[in-house]
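Next up: a single chain in structure tokens, the form predicted on its own.
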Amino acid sequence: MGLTQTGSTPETLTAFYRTLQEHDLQPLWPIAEQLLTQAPQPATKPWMWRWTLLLTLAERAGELIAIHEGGDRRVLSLANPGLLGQPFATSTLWGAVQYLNAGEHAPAHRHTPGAIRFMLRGDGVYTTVDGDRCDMHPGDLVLTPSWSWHDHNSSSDEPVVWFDGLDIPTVRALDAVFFENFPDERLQDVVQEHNRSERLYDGRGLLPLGAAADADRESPLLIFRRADIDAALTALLRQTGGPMASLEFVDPTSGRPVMPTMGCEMHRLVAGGRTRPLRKVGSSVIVVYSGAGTSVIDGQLFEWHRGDMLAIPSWSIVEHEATDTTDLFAITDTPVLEALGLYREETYETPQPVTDVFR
């Protein structure tokens, strides 16, 4: 039986490791390369969910699940197959579609994970956030910041569908999840007329005196309108000449991301335009608001159309090409990484070869 350089035998080491395990200890030297990798090795897989299937199944849920039987949470979560059955789109981001039947009202509640609502289909619905009734129209972004009371209400004669984006995986990993139903499971009282935050803070650089000094961790502006988003993208694209114009949704009082844990972006890619390959630390979920095209993610080709949703893992090489002029909405975990000093990105000049096609 041979000795190691330290004079121990394999049997002695086995016994030592067993003793460590019995005392809830692990040696670093056998696992160091697994923990300290040369680059991120995310469990999240590049993936896509088809809008046609999402809508069909959401409509079926609307038929099967009544509001008092869980319909106030009539949500289909994007479950990335790389995350072992967890209901998360990426390791840090929750993405989902929420379906509200005509005339339904989902009772108020609050939770520490922050949330956004990006309206996809239907009209005549509003989300009340801490007493502010925020009307939601297709293409609008509505914020429900951490620990804010919110409920969803429809006065429409047709169902409505929106995209939910939350930081649940991040908050859960930090053991900081709290949840509370509104007293008596009723709707909130409305403080004033609808869209109060929009009237106060959407002043195109003109804010109430002192608003910047009172800046909170989240944006006090709760609504970002499709018409304003479209106008800003059009103006930016005119200035840059393309192929893509990109916007970040920010707190108008501070210029910071709308939430400390989750960023929101909108990108417009002109027809025939192609982006340079880029990879960055941090994951994202993309919603195709309009248009059609393809994305290559780590050599895998995804062909997408309006409403499709994609998960992009951290440090994946990504490039997009539009067949029609396209608007892509995205949620990201970039604010967390930037706050911790961990964000980085790399761009490439040469398109990556396609090695596989998503089917």
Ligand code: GTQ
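In this text, all values refer to a predicted model and were calculated from it rather than measured experimentally. Counting begins at 1, following the sequence as shown.
Keep in mind that the form predicted together with the ligand is not shown, yet the notes after this line are about it.
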Completion exercise
in the model of the complex, the residue from 99, 118, 224, 94 with a non-hydrogen atom within 4.5 Å of the ligand is 94
Handout entry: Sole residue of 267, 111, 196, 274 within 4.5 Å of the ligand in the model of the complex, by heavy atom
Key = 111
Practice task
May I ask you to state whether residue 125 is within 4.5 Å of the ligand in the model of the complex, using heavy atom distances?
Solution key: no
Practice task
Please run the contact check for residue 164 against the ligand in the model of the complex: heavy atoms, 4.5 angstroms, yes or no?
Solution key: yes
Practice task
Give a yes or no for residue 137: in the model of the complex, does one of its heavy atoms lie within 4.5 Å of a heavy atom belonging to the ligand?
Solution key: no
Exercise for the section: Tell me, yes or no, whether residue 75 is in contact with the ligand in the model of the complex, where a contact means a heavy atom of each within 4.5 Å. Expected result: yes
Fill in the blank from the handout: Note: the ligand not shown here; in the model of the complex, the stretch from 227 to 235, 85 to 93, 241 to 249, 144 to 152 having heavy atoms within 4.5 Å of it is 144 to 152
